[in-house]
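Listed next as structure tokens: two forms of one protein chain, kept apart as structure 1 and structure 2.
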Structure 1
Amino acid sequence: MNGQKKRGPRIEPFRHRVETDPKFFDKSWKKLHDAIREIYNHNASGLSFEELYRTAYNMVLHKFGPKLYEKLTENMKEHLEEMRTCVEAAQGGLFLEELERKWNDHNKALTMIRDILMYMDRTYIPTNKKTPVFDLGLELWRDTIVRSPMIHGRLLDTLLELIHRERTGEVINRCLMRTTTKMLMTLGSSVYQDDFERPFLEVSASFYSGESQQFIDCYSCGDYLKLAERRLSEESERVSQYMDVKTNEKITAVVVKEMLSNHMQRLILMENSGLVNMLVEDRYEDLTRMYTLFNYVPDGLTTIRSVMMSHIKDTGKSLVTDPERLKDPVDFVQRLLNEKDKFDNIINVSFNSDKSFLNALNSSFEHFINLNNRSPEFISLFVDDKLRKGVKEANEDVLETVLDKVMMLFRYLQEKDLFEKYYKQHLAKRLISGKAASDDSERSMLVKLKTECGYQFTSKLEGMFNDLKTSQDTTQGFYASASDLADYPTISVQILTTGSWPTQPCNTCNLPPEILAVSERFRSYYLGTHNGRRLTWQTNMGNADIKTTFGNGSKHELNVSTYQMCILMLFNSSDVLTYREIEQATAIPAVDLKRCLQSLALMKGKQVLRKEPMSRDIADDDSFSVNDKFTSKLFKVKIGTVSAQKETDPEKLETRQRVEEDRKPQIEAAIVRIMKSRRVLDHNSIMTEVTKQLQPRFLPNPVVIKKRIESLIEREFLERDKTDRKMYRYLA
């Protein structure tokens, strides 16, 4: 084989010269020219489109494409100028109708012309980067008719006038408006925007600016917002009927700016009808409308949230600092719960459960609840009231709901350890006096507290329940072990573990001989069965049932405290006793003794003793005797059973001091934990870390933290850096 490649077949160009008729273009164009005239005159039915297509095909094939394109442009322009004259001559309402008619005619003609010149559209036009036939027709319509000096301004004015009339309540031909604006959109987005949309938005801004100024002076906030809502709805519906869908966002922004943004502060703060008034009067519908509308406004919801927070803080502050409200702790907390329910409902119903509003609500409540340093005590008193026997919330489901709501308030407390102190005292009184409404409810509350604050918070409270169960078993064992106690008074002993119960050291009063004998028997039994323990009688916490026969023959069973029992038993051997004699005989502390005597002698309907002289205050030489004329419809009479009361100022100060002392080891433990893990830390970082760790229980005072650091340095747990005094090092 040789190295040459075999050549493939080769197609030679046709070399025979074809003669063309010199008048070929003129004849062919005349045929197309006449056809186009017939098309515009609505006489296209007699035309042969196949023949016309072939004619145009041959013209392009014979290199007459440029000339054909040029002639077509001139011809269409002539027809459009004729149309323009007709449109310009149309008067009044016929103007848009004539424009619509000519536009439809031009569109139909363009479609047919495009089909005839399809070959040119596919070959000549792309190659030479010319405008396609149909698009050329649209551009010519735009330049010749839409933007002609006599039509351009008139068209815009007519459209804007019709829109204005519709805004003022008139009915317009929306179908004609839709056709006209659709024509502008077909001519290109720039035509629609420049020739209609931009002026439309400017005129709308002016319209709504004037309307807002007119109505804001005479409308209430609620009515004005209804108007704004209606206007937004109308504009949205108008766009959907005869404008480009993209215009909706723009016209909405115009209405929002002119009717809402520019008047936001005035509307929200409007006196007697603004946001605060809506909140006070629970106007859910108006609040929903305000939230929805100002959601469109930049910083609108932020402003509403800020005003709402200020209102809640002001309302809450007046509530927690009002001296009248502080007289009734239960009513105080109930009002807080009512306020919380009120704003929870508003946020859920009107503010779409917006988390930022819920956070604002929580922040506001936390702010004002902690303005009153007695809030922990009052919340504990409220729980105490609900968990006592005989309260209205007998239904456990209702009670559970109330406790859940109380836990919301509890979360706001910065001094949760102070609440724990009071709660322990109130729980102890309920358990010891047998006033707890339900063991299940009590334990449910403990579970809630444990979930919120951890096991350490409730461990001692749970120990109190365990002590009561153990005490029952011990009392039963005592009576089972001794058979000679039938002649003694029956006692029920509650043995309280010192660390778990909020007991205070107190001097045991002188018990009556009958009680003292059986008490000593119980002491011997208990110490005999429990090695290494010590019993101290808390006579200030007990109660007793005494069977009494009065001089008039009436018999009653009196339910009294242990102190009151000691007083009454003295009158078995004496008819008249002075205050000083009673004090010497019983050794009851003076404050408690006076309180007991007041409840026995001065409490209306329960005056089992007579006091001479009859006055509220008790002096050393006042005398007391049994009231022989005492009567009561009830056989069992409760005396001096007082529900948990607010602390007196000295008691409050004492509780506060105890809490402060309890906090010291917790602060030190937090400091040591932090330093043990970090080894070296600066002063400000320790402050921040300690506050963060202890915040769930209480908000530590920076001064106290500093003192605890000094104490730890003295005890060589920490040391200061030798070069930088603000740095601390952990000493292992």
Structure 2
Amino acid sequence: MNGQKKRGPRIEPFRHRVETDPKFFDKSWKKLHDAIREIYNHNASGLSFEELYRTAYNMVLHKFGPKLYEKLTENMKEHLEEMRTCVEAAQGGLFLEELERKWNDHNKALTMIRDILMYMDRTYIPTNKKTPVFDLGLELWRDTIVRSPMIHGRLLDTLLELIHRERTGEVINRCLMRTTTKMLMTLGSSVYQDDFERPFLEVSASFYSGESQQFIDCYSCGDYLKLAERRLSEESERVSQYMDVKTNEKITAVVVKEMLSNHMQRLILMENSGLVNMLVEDRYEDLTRMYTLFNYVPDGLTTIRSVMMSHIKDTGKSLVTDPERLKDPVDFVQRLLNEKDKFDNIINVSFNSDKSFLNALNSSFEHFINLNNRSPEFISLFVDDKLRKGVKEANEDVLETVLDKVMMLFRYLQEKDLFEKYYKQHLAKRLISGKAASDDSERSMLVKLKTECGYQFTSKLEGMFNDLKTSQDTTQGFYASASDLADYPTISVQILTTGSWPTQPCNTCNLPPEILAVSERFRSYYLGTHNGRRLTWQTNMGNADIKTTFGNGSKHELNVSTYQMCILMLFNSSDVLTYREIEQATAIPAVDLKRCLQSLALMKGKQVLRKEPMSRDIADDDSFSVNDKFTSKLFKVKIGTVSAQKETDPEKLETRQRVEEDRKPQIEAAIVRIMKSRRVLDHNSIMTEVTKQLQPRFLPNPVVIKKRIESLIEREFLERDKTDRKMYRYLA
């Protein structure tokens, strides 16, 4: 323009500005101002959006952006102040409705104002870091109305009052609640939190604290938990109806704290209805509720678990130490199994099969089962009982599950070697007397033990099975080798490998001559086929079937032990014998002899012999004769032995001693193994290592370990360190 021709020496500055109306801004703003008033008055129909938009555009274009923004803020504030007066004037219940109405009005107006000022929103605002028009409107609403002194408290009180009324059972206008809280959320999460959520949580806390105080005194634990559960779900529902989703977690925490955490101990330990009662009465539903609710509480499940543990330990302890229970080992173990089943069920049904609860259950059982040192024996007896009666149980699957359960108990045992000892004894008895019901079941039990404890544990037991099999073959071979044996009584010999069987050295008694002859034939046959072996007759273990004809003419077949057979055979040659005579003739050890005579003469219904005098105890001079009046409904009569299955106290002591004796080499072996690899080790470490190594079998006594160490030092496997007496050194 001015670059083409210069007139005169003066260079005029380039004038870009077109002459504008000095009142441009005021005129334009008045137009917008009036329009905004009409909008707030619901009278926008006469307005031309295009004109207003163009006006605002021009203002921004002419750099009046800052002034326009300022005026707008001022103007909107004025309108909001008018609204505030209306809301403040609303009476009682109409307050929220008025607020909602004004909020809707403002929102609508704000949208339209934003439309008019859209160009400013796009250009002036982002480059000058101002709040966009719509957000500005929300901020002004927040500061002018929601947080004005007259409304702020009233709004909160109204909301909380309504919620309180709903909690006490009244029906409130949830829709209004929803729009109000939604308004607060629209104003920003901090407004919602500061102006509603926090006070709401505080009021809720005091409400539930009061309610819990009121009900914990008069409700049973189960009922109280039902109430808590209902309250929790109510609060959740309330949040979903008219609050922010994030509040759910917070209000749940409040209810849990006030209703559950604060009363946790009291609830769980509540007399007559607490956890223990629920457990005793198998109240699955209540237990489930307790588990679910206390899952929210920190340490809740831990507390439940520890109370359950001490309950199981207590009941278990009274079970295993009750002298009444000790009388019947089978019942004893059955009760243990029932107890285990009961808690397994509770944990599976009510405690969500929680691993930590199962662990607690196991450790409790482990604790109390080992309180009674006869548990290994009883468990073995229980298995004995099951395997003997296997035929009666008929169903092998049932037996299998029982055995599996027994194995669970077995796992709890600390003295597994003791169990092994007993199991061996009982198995031997079963096998020799032919009472093992099912070979399959026996084997399956063996496999279970093998998987649990390893090969070493069961190798001897397997040896026993093998012995029986070879014995059968040998007996067959014996009868096949000689043809002249038909005249002799039939014998069946079981050859037991020394070491595999729980045999005690015993003096062979004097066998009746008929038997002696055939046994000697067998001995020579066996030694003839197997070089370099020795046979010893274990007369205390066998049994015999004897055909008897009594004086009254009744015929019976008696099933008796070898000892009893020896005694009865004596009466083939004499009518009356005194105890002393019998003892001399048979050379049976006195204890066994007395027992045999007792069972022959004193067992009710099976009195094969008559005793003079008819007293219970047997004296040297007592005389015995065949009971000619013997009657029995059965042709075959089984004469039992008085000896109880359960061990007597002296026997128990003996077994224990034997076990202790067996442990010594095991402990020594462990010590040597450890020292061999570590060379030098202090006393305490040896103790812990040995205990750790042997734990799967038994819990070694520290005193015994110490003695073994001393013995090893004496035998120069180890030595004490010269300077540090607490250190041991391995001598290779």
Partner chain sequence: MAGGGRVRFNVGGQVFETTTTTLANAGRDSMLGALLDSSWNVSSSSSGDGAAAVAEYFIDRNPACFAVLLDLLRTGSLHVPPHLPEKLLHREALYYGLLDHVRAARWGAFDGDRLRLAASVPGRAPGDGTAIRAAPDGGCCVAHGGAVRVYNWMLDERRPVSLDHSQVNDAAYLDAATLLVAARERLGKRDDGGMAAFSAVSGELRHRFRVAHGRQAKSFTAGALAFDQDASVFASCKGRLNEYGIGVWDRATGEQADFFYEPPGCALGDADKLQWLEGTNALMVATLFPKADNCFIGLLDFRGKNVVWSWSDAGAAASHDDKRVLHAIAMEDERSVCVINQYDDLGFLDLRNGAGGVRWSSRSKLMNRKVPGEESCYPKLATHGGQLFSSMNDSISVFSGPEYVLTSTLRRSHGGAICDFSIGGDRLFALHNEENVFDVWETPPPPII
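All residue numbers here follow the sequence of structure 1, with the first residue given the number 1. We call the rigid core the largest set of C-alpha positions that still match within 1.5 Å between the two forms. For clarity, every value in this text was computed on a predicted model and none was experimentally measured.
Structure 1, rather than structure 2, originates from the form predicted alone. In the core-superposed comparison between the two structures, residue 699 has its Cα shifted by less than 2 Å. After superposing the rigid core, the Cα of residue 60 is displaced by less than 2 Å between the two structures. CA movement of residue 42 between the two structures equals 2.8 Å, with the two forms superposed on the rigid core.
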